[in-house]
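Just one chain follows, in the form predicted alone, and it is written as structure tokens.
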């Protein structure tokens, strides 16, 4: 297991590589070319510049999150071929740069959905939160404005202004796409890219939909054990795997997280481990990573990862905003550093107790 932190790059992140390097047990980062446009092929020199900057700081670039997928691929429009070709070129260049894990998602329109980015918790920290009641009252076109107001001036992944400016067009693109068509388009995409993944040993790690149910009537397919096993079988290649995000799968309380992990032995290429606190089944807020602060048993989640022999990159996911830090919501330094230390402590205890 390699403990990492997500890092958006020097131009976009308030957290520095120097700070990440000082978190005990964190050996690498997961990063991306944050100013890239979905559908374009990444340039080799930009990939190498990012990798060299990280390595010069004493860390390793242990994966990319994300190489975003153009909507033409998701809806299966005729021009998808050029965008898949560009994606393959990007994968080739990543493989040539000795980068072997790519996190991505197949979510229509919204990469993730929250109704609040700064809900105040009893301890005074602020967190990302979601209530279905608020979504039901909201026009999708107004979603960006509600998110932007709490963004602390950051450009949030999946909520880029230029993308949200086209939200009516995006909804129109997906009007005839249901779960079955989205599955078919995902299968087509994966079958096209698996040869380059095999050549360069690149693990594709799909991120679950967040939350794990339909929002604004859009299809959502990476939401539960049944669907993820279906995906594994429809393209049965070890490079076709998952990012196991406890906070995304965990939005649906019917998902048994440790059981899901154990059902995916050999196919979890990346792990996001975080906790949620539920007020009702459709009203949840993100919490500290500690089990007692939320609704998940974090020990059992880490134990399940140990039991399947997980040895890939892992990271604490969204943290609280604490100690007056101002940063991209969910991606400050302090609470994620506490989360990394806590997860490392659980892992050490599990490893020693099983010797």
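Numbering follows the first chain given and starts at 1. Since the structure is predicted, the reported quantities are computational estimates derived from the model, not experimental observations.
Keep in mind the form predicted together with D-mannose is missing from the figure; the text below concerns it.
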Given D-mannose in the predicted complex, answer whether the residues 119, 285 and 320 all have a heavy atom inside 4.5 Å of it.
no
From 73, 202, 261, 103: within 4.5 Å of D-mannose in the predicted complex by heavy atoms is 103
Out of 107, 276, 242, 273, which one falls within 4.5 Å of D-mannose in the predicted complex, going by heavy atoms?
107
Is there a heavy atom of residue 111 lying 4.5 Å or less from a heavy atom of D-mannose in the predicted complex?
yes
Are any of the heavy atoms in residue 315 no more than 4.5 Å from a heavy atom of D-mannose in the predicted complex?
yes
May I ask you to state whether residue 207 is within 4.5 Å of D-mannose in the predicted complex, using heavy atom distances?
yes
Answer with yes or no whether residue 291 is in contact with D-mannose in the predicted complex, where contact means some heavy atom within 4.5 Å.
no
Using a 4.5 Å heavy atom cut-off, which stretch among 291 to 299, 51 to 59, 304 to 312, 65 to 73 contacts D-mannose in the predicted complex?
65 to 73
Enumerate the residues of 6 to 24 that have a non-hydrogen atom within 4.5 Å of D-mannose in the predicted complex, in sequence order, or give none.
6
